[in-house]
Structures are given as C-alpha cells and as structure tokens.
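Only one chain comes next, encoded as structure tokens, the form predicted alone.
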Amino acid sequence: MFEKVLVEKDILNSPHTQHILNKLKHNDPILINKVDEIWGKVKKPYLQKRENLNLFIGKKRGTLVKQAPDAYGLNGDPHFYFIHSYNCIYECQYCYLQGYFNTPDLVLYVNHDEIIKEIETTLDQHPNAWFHAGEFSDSLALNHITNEWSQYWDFFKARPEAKLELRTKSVNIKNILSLEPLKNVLLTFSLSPDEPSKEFDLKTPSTKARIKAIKKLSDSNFQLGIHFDPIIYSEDIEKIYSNLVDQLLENTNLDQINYFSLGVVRYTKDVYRQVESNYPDSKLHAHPYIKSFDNKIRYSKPMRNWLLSTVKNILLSKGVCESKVYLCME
C-alpha cells in the first residue's frame, strides 16, 4: 500500500509503532526527526495517491483535542474531536481533504496515552462531552494495522458520562467486534444510496457491504449512528433514499441507532477549486452552487431545505423519532 514508511526517531520503539511496522511487514523505515518537517512541505497532487502513497508515523504535538464547530453533533452537549490520523486511503470525489492538506500521504499518530490524557482533562472541564474521531481520516479503515481503539475503550468504560464516536465508511470491524459493546461508544457510518456511492465514493466499500457491517455490529449490541452526508442532488432523491432507509432498517435494530445526521454536499472555496480540477466531468457539478451563510459553497437555501426535508420526512415515515435526526453544519 505504501511506497515509503517514515518514522520519527523518538517513537520508533513505541509499542504502537512496532505493531504497525510488524503489520506492514516493513522492517526498514526511513527515520526522521518530526513529521511536520517533511509531510506536506512540498505540494503533492491529491490524485497522486492512486500511484504513490507514503506513510508517516509520529507523535501528535500541540493541541490534541479541539472543540468541534457548531452543528457538528446532537444539540445540548459540548462536542470535541481528537486527531489520531491525517488523510484517508479512500477517494471520495467530494472529500474536503483534497483541498485541506498539501499532500494525500497518510500520518498515523501513536501517542495515544497523551491524547487520552487530554480527553480526560477536557472531560473534567466539560462533563457529558462528546469526543469524535474521524475528522481528518477514516477512524476504522486502517484499524487492522493500528489497533488502537482498545485503549480508548478502557478509558470510556471508566468514564460512562462521556461519549465516543468513531466515524467511518469502512467495513474493517473485526477488531471492534472483539471489544465489549459500551453504551457510550458509537460506531457511526456515512451512507449514500447505491448509485451515488458508486459514482462518488471511489475505493470505498459498497453501500451493501457497509450495511452488512452495520448488521454485524447491531447483532452484537454495539451502539450506532448514521450519517446521510453528503446528500447530493438527484431527481429521484425520494426514491433512492427511501430504498436506502428500507435496506438499513431491515438489517438493524432501530433502537441501537442513536441518531441520523443529514447534510448536503459542501466545500470551502479552496476545496471546491480542487474538486473542479480533480473531477471536471463529475456529476457533482450538475447542479449550481452558491456561497452560503458561512462562506462555504453549497446548494441554494431552497434546494438545501428541499433535500434535507425530503430525507428527514422519509426517516420519520419509517418510524424514526424526530429527536434522533439533526442537520449537520446547517
């Protein structure tokens, strides 16, 4: 998968680092001082990830836990995210990472003790807080290599007032299924109907495969969440999302789905320029965008309202409680 593996000298002998290297069967990494001295310093085109992808392993420095933006999660509780990785092995055409970093190369951070310590400090200041993983990466896609989540499980089991969300499009759940289901730890999946997923979610597991993974987790009593995000304009939006919700509910215990988040496709100006450059013929461009209230590029307000209300009404018609549905970044 990776052409080169670069490791910070100070954490070469970390158990987490050695575990990753052993899984990769990579015994001769390139030693560096700090990830930030090399990673992203020379611009590497996003689509070069198809041919040449490097992996950096290091220690996350600076602020390890950050406050999430408004409308990031359910209303009422404070929300934070922590960074355990940068970039993703998948290639979704709308992904904001293509205009966020100068490189598609991946970074895995291994100082989980320090991240958990900062989560603990944050929780002491903000009781009942949510902590989210997967903001700048997919939280499960490389879990068979990293295997870090058992350490977080132990912490959140001891602090049941806090909540942990792992956001993913992956079906890489074998290690998760070996852990104890906890009421305050949620596995949340981004889902799109079959055709949009095939069109835009390149290299990701299919919608059918993701629902199969969700069923396995549901059958094992794990707590779940669903992100219908991004919703992309389609003339048959009602039909395709009705079918998607039917597929999901046929394979899942609705009581275990804690929430559904709904959001439309959206970009910063820099990300949108990259999307236009990387995918000029994509159907993402089939409907016009405007600069919206937060300077992000979105559909017009009437179009957003129609898309979001259509999908929300489908959920309500299938028996989902309105309190379980929230609009993301609106």
Partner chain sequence: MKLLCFAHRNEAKTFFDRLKLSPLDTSLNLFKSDQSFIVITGEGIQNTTEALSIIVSKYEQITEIINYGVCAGLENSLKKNELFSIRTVYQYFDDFSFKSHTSSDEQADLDLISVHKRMYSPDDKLKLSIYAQVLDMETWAIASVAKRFKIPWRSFKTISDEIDENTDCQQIIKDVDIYSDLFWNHFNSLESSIVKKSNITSPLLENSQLHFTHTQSHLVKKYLNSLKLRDVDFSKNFFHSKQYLSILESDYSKKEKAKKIITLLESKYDPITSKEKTKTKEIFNSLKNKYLSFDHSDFIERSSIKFKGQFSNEVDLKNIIATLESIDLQKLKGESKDV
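In this text the structure is predicted, and so the values were computed from the model without any measurement. Residue numbers count along the first chain shown, from 1.
A second form of this protein, the form predicted together with the partner chain, is not displayed here; the remarks below concern that form.
Proximity to the partner chain in the model of the complex, defined as a heavy atom within 4.5 Å, singles out one entry of 67, 277, 292, 268, which is 292. Contact with the partner chain in the model of the complex, judged by any heavy atom within 4.5 Å, is made by just one of 26, 301, 273, 34: 301.
The partner chain is not drawn, but in the model of the complex it has a heavy atom within 4.5 Å of residue 309.
Shown alone here, residue 62 lies farther than 4.5 Å from the partner chain in the model of the complex, counting heavy atoms only. By the criterion of a heavy atom within 4.5 Å, residue 261 is excluded from the residues contacting the partner chain in the model of the complex. In the model of the complex, no heavy atom of residue 121 sits within 4.5 Å of the partner chain. Here the marked residues 113, 212 and 214 all miss the partner chain in the model of the complex; none has a heavy atom within 4.5 angstroms.
Contact residues in stretch 88-115 (any heavy atom within 4.5 Å of the partner chain, taken in the model of the complex) are limited to 102.
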